[in-house]
Structure formats: structure tokens, C-alpha cells
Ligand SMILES: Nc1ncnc2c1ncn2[C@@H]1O[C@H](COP(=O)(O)OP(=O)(O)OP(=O)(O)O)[C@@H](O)[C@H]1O
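Form predicted on its own, single chain, as C-alpha cells, below.
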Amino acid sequence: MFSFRKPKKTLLGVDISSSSVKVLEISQEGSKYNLEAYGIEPTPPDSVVENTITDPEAVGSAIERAVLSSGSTSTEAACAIAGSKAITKKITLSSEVPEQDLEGQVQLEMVQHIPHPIEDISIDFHIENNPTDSGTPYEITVVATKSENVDSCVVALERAGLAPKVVDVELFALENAISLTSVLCREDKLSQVIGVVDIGSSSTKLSVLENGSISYNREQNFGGKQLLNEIQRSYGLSYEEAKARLAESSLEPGYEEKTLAPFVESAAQEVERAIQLFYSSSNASRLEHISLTGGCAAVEGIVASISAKTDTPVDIINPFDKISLAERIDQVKLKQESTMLLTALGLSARGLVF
């Protein structure tokens, strides 16, 4: 189930986080792509804690609601575990190893890197090259995670009435979505060193892509909840009331200066700190561009503030600019929510060619 292998059918991408479940279905016809459906539903409190699904039944109910609201009829699904829950390792093996024995050799190689009994671990691997002679070794990317992380995803999807086909890793889904977006927009970003900053509800993640592959990833405990908590405190609202008022832009005059501006400044500082930590790592390259995604990416002033702090060009990823939309898609709503859908897009595009 924990698999790199590409399915042939279009998949329903299911992105599960501590704040919400996002489902998305994309189809392909030749070189054209179409967004068939998407839906977003909040996850119940404490059903996802620190990137771990603690209540698969409750998460499954949220997925079921999201699928229903999306209108999708797809039943085969892909979801992802957080990068922090997986070990990713690049290894080489002699090309003299028979292909049918590779799985066993990979497991033997990974035993020394995994601090858990091998029987409690799910492992999959992808051969990155095609050795043409005995002198060229296999170059293999291996991913391992505790089987319980995979099992909780499977239970949640099955509770929603879906057939789990792929359990991916968020970082690979992000790579997939960025690659698709770059192809559609005819951009040359994949040849650049790009920082992708995902500012979510409870965390901010920096992923650095070099030549289209993620070479660095870091997660920090900062997100939109800080803004909502401050709105609650300042205006005497419940958490749900704060979310609704923020979404409707119906907060009192002075909100921008009193509450929003300090949050934007803090967000820019967190991103600057994450990038400085990247620069202090070995063999770090200078970022040529920063792209924002996540629920807070479109907060007013955040692009300019991060660009000023980091002295780097910043934009917001909109993966749907060059994707046609099914008639049932609400274009205004999609524009408001598009920054939340990048991982789900990468998961749904798992079996497509681009």
C-alpha cells in the first residue's frame, strides 16, 4: 500500500491535516488538464495531532463529507503521510543483484537506518536509473515509515468509502504539484533553486527544490492559528466565530493595524529564520525565488513582507491558472481556497503524465 508505483486510473487526492481535509480530482486528456472536483471540510478537534491521525474514524467521516460536497464520483484515492513521519534515503546497490532480489537487499540496507523492528515498518523504493551494464550500480530512493502511519490513512479512507491505492509522502506530492504547475505555466522555475513555503494552520514548512527535487525540508510551529487566537482574544469571539469573521472580512476597523500587521511581521520573521537555517546547512545554494502556498499564503501584505525580509522575489502559487474547470466548480470560491490545495493536486496527479 505504501507505494511509489503509478496507478493507471485518475485518483482522488486526499490531503489530511490538523485543521482540514482537502479532496481533489484532476483528469487529463492529451496535454490538457481539467479540475473535475474538490472539497474542503474541517477535521474534528484532536483527530489529527502533530501530523498523526489519532482518530481515523472521525477523519474518515470528514473525508466522506468533503467527497460529498465536491461532487466527485471517484472511489480510488491517494493520501500522504507527513515528511516528518518518514525516513527517506538514497542508496546504491550493485547492478549484479537480480531485480527480484532488490526488495530484500533494500530491506537489509535500511535496517541500520531504522530505529524500530523491521516487522513494524512499511518500506517502498524507486529505482532512479536504468543500469545498462554491470559497472553501473542501481540508484535507489527508499522511503520507510512505521506501518501504523500507513494503516491509519487506510482506515480513514476506507471509512469514507474509498479504495486506498497509494499512500505517498507529502514532500513527493508537493514535488509532483510543482512540476505539473511549472509545465502548465511554461515556467523555467524547475531549473532554479526555489523555496516553497507552506504556511498552514499550525505549522510553516520550508521546502527547497533544486532541479525539480526537494533537497531540504524544515517545519516550524507557526501558522494561522496564531492569528485566529489573537482575533479571539482581541474581539471576545469563539474560535469558530473568529474563523467565520476572518473569512468574511467582517472584523472591526483597525484590525489590520492592531492584529493583522503583527501576524504578518511574525510570519515573515519565521520564514526568514527558516531560510537562514537552510543557508547554514552544508552545501546550501542561494534561493532564487520563493513561492507561497497554504491557507495563510494569501493574507494581505505577507508577500511583500517576506520579500523584504529575505531580499528574494516572492509569489503565490496558483496551480489552477492553466487548468480548465468543470462546470460545477465555483470559480470565486476556488480562487479563495486554491492555496490550500497544492498537496491534494499533487496526490491526484499521481498517475498522470506531464
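All of these numbers come straight from a predicted model, not from anything done at the bench. Numbering starts at 1 and runs along the sequence shown.
Heads up, the form predicted together with this ligand isn't pictured, but that's what we're talking about next.
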item	value
Proximity to this ligand in the predicted complex (heavy atom, within 4.5 Å), stretch among 278-286, 113-121, 180-188, 218-226	218-226
Listed residue that, although this ligand is not shown, lies within 4.5 Å of it in the predicted complex (heavy atoms), from 62, 314, 298, 35	298
Option touching this ligand, based on a heavy atom within 4.5 Å in the predicted complex, out of 169, 264, 246, 162	246
Distance check, residue 202 to this ligand in the predicted complex, heavy atom within 4.5 Å	yes
4.5 Å heavy atom contact, residue 344 to this ligand in the predicted complex	no
Non-hydrogen atom contact residue 10 with this ligand in the predicted complex at 4.5 angstroms	no
4.5 Å heavy atom contact, residue 340 to this ligand in the predicted complex	yes
Within 4.5 Å of this ligand in the predicted complex: residues from 96-119 (heavy atom criterion)	none
